[in-house]
Ligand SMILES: Cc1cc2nc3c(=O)[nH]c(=O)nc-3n(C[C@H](O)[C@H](O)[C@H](O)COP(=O)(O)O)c2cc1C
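Take a look at this single chain, the form predicted on its own, given in structure tokens.
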Amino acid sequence: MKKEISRKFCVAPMMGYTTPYARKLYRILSSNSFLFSEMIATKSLIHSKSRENIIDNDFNNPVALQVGGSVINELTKSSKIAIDYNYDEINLNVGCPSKAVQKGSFGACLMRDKILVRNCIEALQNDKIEATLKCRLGLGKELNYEFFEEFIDEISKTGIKFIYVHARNAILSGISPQGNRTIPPLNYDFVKKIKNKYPNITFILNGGIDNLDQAKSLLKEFDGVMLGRLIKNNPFVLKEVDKIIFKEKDKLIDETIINNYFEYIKPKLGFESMFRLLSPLLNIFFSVPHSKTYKSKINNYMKEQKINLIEDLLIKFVSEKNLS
């Protein structure tokens, strides 16, 4: 049976970042945020021998598994795998504009074929897991509300309940995936308009939200918000989410948080690279003044596989900085 879950605040799927290890850290920091895996191609999900390291959940719920694909039987198998790994949701990526993704016939390019996307969502659906969609407003440089509405109208025929909208177009050639996160103009009004037309669908807003005060303000008009880069650059901002968005008591950042995370990753040394295990924490150094010394020491400790010294150093760093 599907659970009733808040999607008021979601951490966006980010390739190379929202790994099982990052999600463990995010969950330690926030009890209420709705988490996403990085996008995983259905073929990798079904056939990869290292699948465990890619999609391990470890009770980080609520959490969604995001997949990229357009082959119906692969999507059906992927949905069953998501259930087996205790995910609450399986989400179809129809927003990624990268050339590699286009070559695989999934991501944003699927918005050209709304019938196919409807069929894909239907392939993911069953009574044990929520099947959802993440999309853009449209394709190309020119915004077109009619195109967006016709796309959502077709998808709505599946009975879908949750759609995440990156409120920009995707430009499929001429700019990079990074450029696609900033260059196409934002249009929140399209999302407001579609939300009013389809009140039975929960629309979660993604794109251009760069602080928690803005997120809180947008929740007055939207069903939920999704943030990515803010969390990637400083995951410790998540400790504020439960207080600001969910009205819970303030959560102190202390050595317990670091200890809990290292307790989780230490048994995985030898099975997984130290960099991949530590990368969610290393992002706390993003744009922090005078952090070069810490970075240099951690780099040396990583080469020497001195995990305990890295833990001590991170505890010292966290205690000296106000990370929020």
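Keep in mind that what you see is a predicted model, and the values were worked out from it rather than measured. For every residue, the number given is its place in the sequence shown, counted from 1.
The form predicted in complex with the ligand exists for this protein as well; it is not shown, and the discussion that follows is about that form.
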item	value
Three-residue site N93, R181 and R229 fully in contact with the ligand in the predicted bound form at 4.5 Å by heavy atom	yes
Contact label in the predicted bound form: G207 to the ligand, heavy atom within 4.5 Å	yes
is_contact(Y301, the ligand) in the predicted bound form, heavy atom dist at most 4.5 Å	no
The ligand contact in the predicted bound form: A22, any heavy atom under 4.5 Å	no
L35, heavy atom within 4.5 angstroms of the ligand in the predicted bound form	no
Interface segment, criterion being heavy atoms within 4.5 Å of the ligand in the predicted bound form, picked from 291-299, 23-31, 36-44, 269-277	36-44
Within 4.5 Å of the ligand in the predicted bound form: residues from 139-177 (heavy atom criterion)	H166
